[in-house]
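One chain comes next, on its own, written as structure tokens: the form predicted alone.
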């Protein structure tokens, strides 16, 4: 009898093991570990700072005397403190802009801080920024302009050696770098060591980008690389702070290169792209990228910055907000005031989450580990999923009583790919379902606004998906002011 019971128990366990539901298979291109870490940063600071700050220009010609660079009160700790207080996760600095002036004492040029009056020629802005970022727990990134209007050898093969030597300096002397930013402005008129001429290059082939990228992979394997074409992060296609409502993290980048004519497709990406290359929104808090005294009174308002947040982070993009130091070497008081007030507005928008822990049900569930309750359990590693053959389904969150709602946040479990093509959001108000949002892509995160509605339930329907949907997070809010 005992042996029969043991056999029966073993049989039950065997049947149970055979019926364990497996997670969905990954679908399409997937983000790398460095890209996943980048997605989670969401919002960080751009710092445009060079001789232009002192000459009141946006693009330096390359003939500026190093002595013009002299920020008597430079304080990178102030930059980092403000970034931290503003809720930013990192700082990317223009280590070298198109004028060729280097904010670190490069061994490969005299056109750098080592020949300025600042710190008696002994200063190093990148070293001070590294220390400040470490102190305030921020990531640090670098911008190294491919175009150099100062270099006598720009446009020749010799320049590639020069450029890569400088890149190696930056990637070996300043600790961990989270992003390397490659600009698309390439070639034109410049000083070029005194030649004062126009030099054109074929920006598709001249830089031999594959071998430049290999240096970053070798020296900073966790850093993402940004340019029009990635390879890790792409430009959104404009400098207005506008992400696209339809925003695939996918891109067919093989024929793309920095500075190419691709702006019209970069916002949406490619639905069937072969590579994971998500979008970054770069925009300035002022009209210009560098500091100009005439713009002190026209800094973006906190309300405008909040609009930028919704049109960037709220549209599956990261927000890189430029805040240029002034001639003292400090972030201007007007910029700081706006940044901190923006954080207050943002915190009020998302002060009280309404969906967490509420009862959630779904029209279709893959299995016990993939139930609807995973979308509002506060755990980003759990998700609701349907069987493989179900690509249209809905999940409903029961708020328990009629509750005012006007914001929704949605996230896919992107470790398994970006899948959703279309979705809609409805609310049960009284005894009627009211349509609130019609959307397309989701990806890492989307946030949608709608007029205040009193709802007892909110239903999210995935109307079209490339494979079974995997939704990791749904949050609901009642933002103020409406």
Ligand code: FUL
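Numbering follows the first chain given and starts at 1. These numbers were taken from a predicted model, which means no experiment stands behind them.
There is also a form predicted in complex with this ligand; it is not shown, and the following applies to it.
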Residue within 4.5 Å of this ligand in the predicted bound form by heavy atom, from 108, 310, 143, 262, is 143
Picking from 136, 275, 209, 289, the single residue whose non-hydrogen atoms come within 4.5 angstroms of this ligand in the predicted bound form is 289
Check your understanding: If you check in the predicted bound form, do 48, 183 and 282 all have a non-hydrogen atom within 4.5 Å of this ligand?
Key -> yes
Among 372-380, 298-306, 124-132, 93-101, the stretch whose residues bring a heavy atom within 4.5 Å of this ligand in the predicted bound form is 93-101
Worksheet item: With a 4.5 Å heavy atom cut-off, would you call residue 59 a contact of this ligand in the predicted bound form?
Response: yes
- Message: I'd like to know if residue 388 sits close to this ligand in the predicted bound form, meaning any non-hydrogen atom pair within 4.5 angstroms.
- Response: no
Exercise. Going by a heavy atom distance of 4.5 Å, is residue 239 a contact of this ligand in the predicted bound form?
Worked result: yes
Residues in 144-166 that come within 4.5 Å of this ligand in the predicted bound form by at least one heavy atom, in order, are none
